[in-house]
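The chain below stands alone, shown as structure tokens; this is the form predicted on its own.
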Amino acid sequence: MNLMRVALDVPLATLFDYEVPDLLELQPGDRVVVPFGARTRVGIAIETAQHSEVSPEKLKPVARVLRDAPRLSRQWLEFMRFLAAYYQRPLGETVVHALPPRLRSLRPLPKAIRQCAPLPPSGTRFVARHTLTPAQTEAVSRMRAALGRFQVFLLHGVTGSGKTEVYFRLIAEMLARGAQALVLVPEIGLTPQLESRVREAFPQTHVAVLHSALEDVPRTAAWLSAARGDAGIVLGTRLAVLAPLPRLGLVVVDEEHDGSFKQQEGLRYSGRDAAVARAKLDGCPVVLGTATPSLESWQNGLAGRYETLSIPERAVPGARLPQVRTVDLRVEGEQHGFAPSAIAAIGQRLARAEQSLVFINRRGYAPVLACDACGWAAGCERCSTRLVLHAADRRLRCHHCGAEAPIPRACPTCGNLDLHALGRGTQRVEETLGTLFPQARVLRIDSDSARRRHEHARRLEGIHRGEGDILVGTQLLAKGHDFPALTLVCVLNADSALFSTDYRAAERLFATLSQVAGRAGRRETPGEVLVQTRFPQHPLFAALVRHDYAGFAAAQLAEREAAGFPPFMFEAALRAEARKLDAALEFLRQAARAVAAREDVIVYDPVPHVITRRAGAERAQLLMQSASRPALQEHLRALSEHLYAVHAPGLHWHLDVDPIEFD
């Protein structure tokens, strides 16, 4: 009897045995249709089996093999095994969810895809836009020497240093060798601009774009193009690292420090770390590019595990890093959220027909709607957070669960009609600037204004053409964009993250401020960055003024090592949510007692989340640490086996390996 073990997307950490009919040609990596209970499902054949624990009379046969997509390679299946094992998720869920939704279903592929003829071979012509600087040339030379083998390069280039041009030279080399290149970006909003540059630089090369916002047909077509080897370049967000690439020769992770590379549901993988693992399995180099490396990557460079390459100057002749200075609000004060010197600087740019960017990392009109009479503040009924006032459509919204409510006419507690908006968001800043500079064209770019992807792209193109005088934005404008006329950046509310309980807060703030500062002065006209703060002597701001990432990183790493935090410790969090907080905490206590920790693994007491209630569920977490990654993984494997064997009705749990958020 021929047996095959099949991975299915079911909430069980196991593979399922099926009988293979004699006339059915089936190999590992094939997509199959199998009976499961009263239904049929699409699964992936993983491995042949010599025997089964299921009695022969209970074994069901494979119904059929789906031949409308390439067979998944053993190397790709090995990559899936690694991800499932490291991030403690069922192999079936990991494998099946790595496919586009259409390929997970029983629905046939659209006719347009089925009838699509194989693409002709990609051309390899490369159109260079710029002459490389000496530092760029040195970086390309060092990385070119590693093509054909596994090596991790940390490309530390200041904003505007031309890291993309370096990527392109390496991609051109790999295309000439007949290999594929995978390029990852942290956010969907960054793909259109980079895709345009890629197609301009490689006009004969088939480019496949992969991200979750694509509609069914184009996403499936792009995946198939990558899997068949038709696409010479695959560009996308973190999910693109899961695509099969039979000729992978180079992996590039742009803005490698960005937290958006971490998946926060299902398989909670890091796109950056998965890219390194993928490159190692495929025996090819991986380039991690950024102006502000993650402390994990920087430490790997210091330890010699990564090779760090530096590009310390901007690529455009005559362009220099912007002058950064702090604006002491204790001395100047503020009017409607702006220091007088910031208002004057914006006015000067308007007079010179230059663009300004006002950065505040908080969307909405104001973070709190409150009553001065009794102290009431609008809160979310489903989360332990405040509702954010959105004045444009007169709604209160929760930025955690999406709940909405109308703005009350009076205080629901005391009836006071005089309710006040406390704090500032992008909408309020936009309104203030419109009042201060009525002749200026003020454009707001945040996730509220960019809900429709095509509208967002249209606005960005308009900014590039100089259609806006003053830009108001969140992190959507902080990275990856090159606005030629932008010469001033003004940062509001920079102090909010200085004293956070999150040990990563300072790292994130420095990266955000460095990235947004890097939007200024990317041509010959000098740029200026004003950071409004009440703590101008803080070491973080001092390093920012000096453009001294290395000094900032050294101080942060010393603090992390002394406190026992990553990258000197490895972490995992077991998280649980239930209708009652006590139930979640008790589940975590029982899990901690059920699996004895090794001496080199620390298991802390379970605690509520900082935001304890979210979307109606009470949440708690159990933190585990170890200085040894293998030791922590061994503990997590035992814990995972126990958890999948436990029946906990009304309670949801998940393991988060290498967590980056603890709210």
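It should be emphasised that the depicted structure is a prediction, and the values quoted were computed from it without experimental measurement. Numbering starts at 1 and follows the sequence shown.
The discussion below concerns the form predicted together with a small molecule, not included here.
Trainee: Here the chain is shown alone; which of Arg523, Arg424, Arg349, His206 has a heavy atom within 4.5 Å of the small molecule in the predicted bound form?
Mentor: Result of the distance check: Arg523.
Trainee: Looking at Arg107, Arg534, His130, Arg247, which is the one with a non-hydrogen atom within 4.5 Å of the small molecule in the predicted bound form?
Mentor: Exactly one residue meets the criterion: His130.
Trainee: Which of these stretches, 99-107, 139-147, 312-320, 561-569, has heavy atoms within 4.5 Å of the small molecule in the predicted bound form?
Mentor: Among the candidates, contact is made by 312-320.
Trainee: Quick one: does Gln151 come within 4.5 Å of the small molecule in the predicted bound form, counting heavy atoms only?
Mentor: No, Gln151 is distant from the partner.
Trainee: Taking heavy atoms and a 4.5 Å cut-off, does Thr164 contact the small molecule in the predicted bound form?
Mentor: Output for Thr164 is yes: heavy atoms within 4.5 Å of the small molecule.
Trainee: Should Arg81 be counted as a contact of the small molecule in the predicted bound form, where contact means heavy atoms within 4.5 Å?
Mentor: No, Arg81 stays farther than 4.5 Å from the small molecule in the predicted bound form.
Trainee: Looking in the predicted bound form, any heavy atom of Asp482 within 4.5 Å of the small molecule?
Mentor: Close contact exists here: in the predicted bound form, Asp482 approaches the small molecule to within 4.5 Å, heavy atoms only.
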